[in-house]
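Take a look at the structure tokens below, where one protein chain is shown in two forms, each on its own, as structure 1 and structure 2.
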Structure 1
């Protein structure tokens, strides 16, 4: 579903991402781990065609994202690290706007409200202006937007940043459910525990390179942490 082939991005001669080769199949939850500045956000930006690759290709469902920027995005849903919304609109209006522009079927208001419930936002919050929301609440709206898009692939950039532990846990379960439904997930995260819990595979990145890929079912949590720290040493 998601495929990177020798995907490279350099800024002023310095590689932010260095020949990344990666494939995320339907049902896969691939967690990108790595230090700050390792190239995780860069990878996601390349899949979204927000930045031009310096080399290699990123494909979604077999289509090159630079050649078919609009078509490839139809298959994708994206949750950034900081979900930003229109502050003069209510949560519900934001959700309505983003879903309407996603090109999915039009949802009636009660169904939109159901998405709010699903991501753990209390009743009544939906009708408040977003300017009154906390960071975690905005993040939840971002999750609701992604859910409503019913995408075949998710690009998640530290989606649970700012979420309380309960919400984080619910999000992990949500990912498991979506994985069961055949959605491909590429998630950048710093949370080794969650990566092990909800990921099917983890990739450890350092200085723009994907150093090692592991299948979560085959390793314990302690092993993951040890391997990760080893990779960070060089």
Structure 2
């Protein structure tokens, strides 16, 4: 569903991303780990076509994002560190607006409320103004928007940053559910524990390069931390 081939981005001759090659298949949760400046957010932004590559290609469902930007965005949903919603509107009004904006068929109110229930938001929350929501609740609205859009690929940039352990755990369970439904997930994160719990694979990035890829089922938390620290010192 997501594929990078020699994907490169340079600024003034300095590589922010250096010949990245990766694939995220339906059902994969691929977590990009690395320090600030490692190239994680650059990768996400290239798949979203927020920035243009200096070389290589980013593809969504076999389509080049630079050549077919509108078509590729039909398959994508994006959740940044801070989900931007209209604070003066209710959660339901936000969901209705952003779903319509994506070009998805109009949903009746009962169906919109069903999306809130699917992401674990309690009854009544849909009718509250977003200004009263916690960060964890706003992130869940982002997932609800992805569900309503019927996105086949989900791009996340530090989505659990600032969440308490309970909210982080709930977010991980949502990702696992989407994985089970065949959604391809690419997540940039600093959180090694959450990457191990949520991801099917992790990729360790340093100085714009993908240094190592690991399957989470085959390693423990301590092993992941040790390998990560080794790569950071290289």
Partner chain sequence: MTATIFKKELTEMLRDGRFRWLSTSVLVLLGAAVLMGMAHTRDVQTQHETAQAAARQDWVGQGEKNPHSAVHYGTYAFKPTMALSAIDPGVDPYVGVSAFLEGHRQNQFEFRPAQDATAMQRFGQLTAATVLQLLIPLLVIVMGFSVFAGEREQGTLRQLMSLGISPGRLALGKALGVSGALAIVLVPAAVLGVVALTLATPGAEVAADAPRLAMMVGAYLLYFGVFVALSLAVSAKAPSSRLALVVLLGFWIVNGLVAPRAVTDVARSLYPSPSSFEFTTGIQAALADGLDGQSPTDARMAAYQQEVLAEYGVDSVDELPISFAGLRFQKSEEMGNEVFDYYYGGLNDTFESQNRVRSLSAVVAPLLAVQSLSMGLAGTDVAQHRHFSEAAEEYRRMYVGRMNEDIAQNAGAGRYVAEAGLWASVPEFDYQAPSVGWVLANHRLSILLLFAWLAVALTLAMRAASALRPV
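Keep in mind the model is a prediction, meaning the values are calculated, not measured. Definition used throughout: the rigid core is the maximal C-alpha set that superposes within 1.5 Å between two forms. Numbering follows the first chain given and starts at 1.
Shown as structure 2 is the form predicted on its own, with the alternative form given as structure 1.
Of the listed residues 164, 182, 81, 208, the one positioned at a hinge between rigid parts between the two structures is 81; the rest lie more than 12 positions from any hinge. When the larger part is held fixed by C-alpha superposition, the smaller rigid part is turned by 13 degrees between the two structures. Relative to the superposed core, residue 114 moves its CA by 4.2 Å between the two structures.
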